[in-house]
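This document starts with one chain, in the form predicted on its own, laid out as structure tokens.
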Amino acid sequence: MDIKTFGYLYYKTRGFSRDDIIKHAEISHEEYTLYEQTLSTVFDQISEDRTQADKIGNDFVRLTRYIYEKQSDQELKIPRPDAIKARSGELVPLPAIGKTPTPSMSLQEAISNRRSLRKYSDTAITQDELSFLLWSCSWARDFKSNDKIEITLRNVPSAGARHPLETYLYIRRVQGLKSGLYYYHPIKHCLVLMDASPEKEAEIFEGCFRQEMAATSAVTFIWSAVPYRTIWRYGQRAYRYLYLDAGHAAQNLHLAAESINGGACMIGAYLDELMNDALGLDGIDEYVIYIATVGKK
């Protein structure tokens, strides 16, 4: 789904007139006619789902209470999922953990000074600084694997050490690295180049609803969730933990960015379908859960 299709459906399901849909969705009269002809089934499904969507929050909290809990797949001896998804592509090394300079700012200062930063200078982030940022929120300091369980241990908490988050970066200004979409490997502490095409930058900007900070950041962090990694142990209650885990990682990144004379802005408003497509995710077994732009002040 691209942003024009989203706009048409968004305003259409809210009862906007033809002219208002064309105006607000920024589509042509011809595009409107095409959508009317091809998206009627999608529109009907969204309209039908809206009744359920109106109360999904209450149902989510109620039905993930422990009173509804069943045996987990772990308890049923179903084979454990991998802690890291297999990736392929050009490997890009990063400065080794432990050899990067330590920021001089105290934790108290970082907490006190932390603000959402939406405007960034043109100053690039160094590879040492990027390595430090990843260390703070995504790096795996330990990896344990056997037939029964596989886990990573990191600098952020996670329910049962399941760590269901994967980290992707859209890099725009990092010294010595070309612009593009990368995957961060938390065990090898390296990047995997996924896509260096100029179109990918525009796609991610659109997926972030064209918010200015997504077009000007030095780096945009994109976290995805692999839900079964946590569901395997906790069943449906795992969905509560996914979002808690994302918050833990984001706050560490916020403070780390502050400590390098930078800042971050967390983005929860994004077009799910477009962001998942941009990363090649199916939106079910893995999907985007949180985004953060980072840059220098």
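In case it trips you up, residue 1 is the first one in the sequence shown, and so on. Quick caveat: nothing in here was measured; it's all calculated off a predicted structure.
Separately, the form predicted in complex with a small molecule exists; it is not shown, and the next lines address it.
- Taking Ile67, Ala269, Ala53, Val61 one by one, only a single residue has any non-hydrogen atom within 4.5 Å of the small molecule in the predicted complex, and it is Ala269.
- Out of the listed residues Arg210, Arg87, Lys188, Arg118, Arg118 is the one that sits within 4.5 Å of the small molecule in the predicted complex by at least one heavy atom.
- Here the chain stands by itself, but in the predicted complex one stretch of 210 to 218, 158 to 166, 75 to 83, 177 to 185, 210 to 218, has heavy atoms within 4.5 Å of the small molecule.
- Interface residue remark: Leu242 is not counted as part of the site for the small molecule in the predicted complex, having no heavy atom within 4.5 Å.
- Contact check for Cys265: a non-hydrogen atom falls within 4.5 Å of the small molecule in the predicted complex.
- Among residues of the shown chain, Lys144 is not one whose heavy atoms approach the small molecule to within 4.5 Å in the predicted complex.
- The small molecule in the predicted complex is not approached by Phe6, whose heavy atoms all lie more than 4.5 angstroms from it.
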